[in-house]
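Given as C-alpha cells, the chain that follows is alone and in the form predicted on its own.
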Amino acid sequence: MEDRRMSTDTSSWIKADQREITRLCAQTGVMLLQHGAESALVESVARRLGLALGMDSLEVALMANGITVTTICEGRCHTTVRRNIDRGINMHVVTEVQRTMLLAEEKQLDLAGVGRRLGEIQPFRYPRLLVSVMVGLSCAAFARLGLLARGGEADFGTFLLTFIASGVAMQVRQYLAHLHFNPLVNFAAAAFVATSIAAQGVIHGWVDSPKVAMSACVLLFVPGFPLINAVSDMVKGYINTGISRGVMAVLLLLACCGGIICAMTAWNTWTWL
C-alpha cells in the first residue's frame, strides 16, 4: 500500500514538472518568435531546452501567429499552444534566451532557475534620439555614396537634408510604434514625413542634388530583416512562416510606397523622377 502511494506521488510530481517544462519551452519559442528569430532557431532552442530539463523528446509546430509544443516523458504527452504577438526585432532578447538554454544544457540552471531567468529578460532598447541620429547618418551616408556613384561631388547640403528627413521620419516611426499603431500605418506616415521634408529641396532648390536626398531618406523603411527571415524559413522548409513573413514585408513596402506617393502628390514634386 505504501509503495503504491509513493508511486502515485512520484507520478504526480513528474506530471507537474512536465507541465512546467512544456510551459517554459513554449514561452521560450514565443519570445524568440516575437523578437525576430528565424523558425529553425526557434524550434532548435525550444527542443534543446526541453531535453536539457529532462524530457525524452519534444515536438514543436510553428504557425504564422502561434506555436504548439508537445513534450513526451515516460510515455506521457503534454501539449500547449501559445499565441505569437509581434514585439519588434530585438536581438538582445534572442541572445539572452539562447544563453538561458545553454546554461540549462550545462546544468547551471534547474527548472526553477530557467523560469526565473526567462522572467527577468527585458528587451534592451537604445534611446530614441540616439537611434534617430544614427539612422539619419546612415541614410545620409547612402546619399553621399549615391552622389559619388553618379560622378558628382560630395554635396554637404544633400547630406544634411537627407540626415534631417530620415532622422525626423525615424522619430515619427518610433512615436507611432510607442502608441501601438498598426505597422502599415506607421510606415506610411513616416514615409510621408520623410518624403515631404526632402521634397522641400526640390521645391526651394536648397541643395544641388535633391533627387538623391528624396531617394536616400526612405531607405530606413526597407524591411531587410523580415525579408531575410522569410527566405531563410522557406529554404529550410518552414514554408508557412516564411510565406507569412514575406507577405508582411511586402505589405510594409507597399505602405511605404503609399506614403511616398501621397507626399509627392501633396507637394507636386513628381518632376524629380
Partner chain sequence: MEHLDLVMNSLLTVLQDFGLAAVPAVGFAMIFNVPKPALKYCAVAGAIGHALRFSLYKIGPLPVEWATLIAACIVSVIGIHWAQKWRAHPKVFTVAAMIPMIPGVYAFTALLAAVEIERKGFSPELLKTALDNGLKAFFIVAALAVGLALPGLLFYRRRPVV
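Positions refer to the first chain, counted from 1. Note that the structure is predicted; figures quoted are calculated from it, not measured.
Here the subject shifts to the form predicted together with the partner chain, a form of this protein not shown in this document.
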### Task
With heavy atoms only and a cut-off of 4.5 Å, decide whether Gly205 touches the partner chain in the model of the complex.
no
### Task
Give a yes/no on whether Thr68 approaches the partner chain to within 4.5 Å in the model of the complex, heavy atoms considered.
no
### Query
So in the model of the complex, does Glu74 come within 4.5 Å of the partner chain, heavy atom to heavy atom?
no
### Query
Taking heavy atoms and a 4.5 Å cut-off, does Ile228 contact the partner chain in the model of the complex?
yes
### Task
Report yes if all three of Leu102, Met134 and Leu148 come within 4.5 Å of the partner chain in the model of the complex by some heavy atom, otherwise no.
yes
### Task
Work out which of the listed stretches, 161-169, 178-186, 74-82, 118-126, brings a heavy atom within 4.5 angstroms of the partner chain in the model of the complex.
118-126
### Task
State the residue from Val218, Leu53, Leu58, Val30 whose non-hydrogen atoms include one within 4.5 Å of the partner chain in the model of the complex.
Val218
#### Entry: Sequence-ordered residues of 87-107 touching the partner chain in the model of the complex, heavy atom within 4.5 Å
Ile89, Asn90, Met91, His92, Thr95, Gln98, Arg99, Leu102, Leu103, Glu106
